[in-house]
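Below, in structure tokens: the form predicted on its own, a single chain.
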């Protein structure tokens, strides 16, 4: 293989690696600005220039040798692995280690495979921690001890139902609606049976764990970075999920005959 052929092959490998890296970084909840910075940083470390186009469903990356030459274009579908801050941090750390010369390009590829193949946080741990956090939110909004306990168990049941439905391949919107309905019906017990003095706060905070806060924040960040297509896509996804949790909450209140004035 001649030197030009080998150089072309190297650029082709770099383009595929960086495009897949960007697709995973997007999928775990990174903003478009972070994608651009991390990918450009890694491309410079690999001795290449990169032009990145981020779309709601795909990422397109054009990589050229630093000294000029033909560009190699790689396209990858965005990975839908859910919001994972541990994966986000590990991938960003990888870009800095490669850029600072602490690891070689070949090692970076091996590390990347290890990072994306690492198991997520155990489902039981997520359920328990999210339930405690949502109970703390209930207290933050003025809920008493009875309301906090109600929210704790309502969140535990609803989030576990969502995990099971997502694991079986159900649409995330259906899973959010069902989880909100389950949490609302369970937390409505505080009103039906007269538990505590703040049953309305228990009902209102029982579905807070389903609010898509990260997509809303990322939508604003992408808009400020002039990534308007991605910003609109993320904002609409967040709005749809918010509508689904609202429908589940409303359905639970309607079936159990809870008046909206309780909230």
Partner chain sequence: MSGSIFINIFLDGLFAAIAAIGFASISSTPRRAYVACAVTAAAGHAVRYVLMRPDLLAVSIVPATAIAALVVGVLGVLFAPSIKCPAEVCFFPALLPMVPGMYAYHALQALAMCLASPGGAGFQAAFGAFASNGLTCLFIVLAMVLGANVPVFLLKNIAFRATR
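No experiment lies behind these values; they were computed from the predicted model shown. Numbering follows the first chain given and starts at 1.
FYI, the form predicted together with its partner chain isn't displayed, but the following is about it.
Comparing 107 to 115, 72 to 80, 166 to 174, 138 to 146 against its partner chain in the predicted complex, the single stretch with non-hydrogen atoms within 4.5 angstroms of it is 138 to 146. Only one of 45, 55, 214, 62 lies close to its partner chain in the predicted complex, with a heavy atom inside 4.5 Å, and it is 214.
Interface membership of residue 221, defined by any non-hydrogen atom within 4.5 Å of its partner chain in the predicted complex, is confirmed. Interface residue remark: residue 192 is not counted as part of the site for its partner chain in the predicted complex, having no heavy atom within 4.5 Å.
With a 4.5 Å cutoff on heavy atoms, residue 243 counts as touching its partner chain in the predicted complex. Looking at residue 34, you'd find a heavy atom of it within 4.5 angstroms of its partner chain in the predicted complex. Residues 83, 84, 85, 86, 88, 89, 92, 93, 96, 100, 102, 120, 121, 122 are the ones in 83 to 122 with at least one heavy atom within 4.5 Å of its partner chain in the predicted complex, listed in sequence order.
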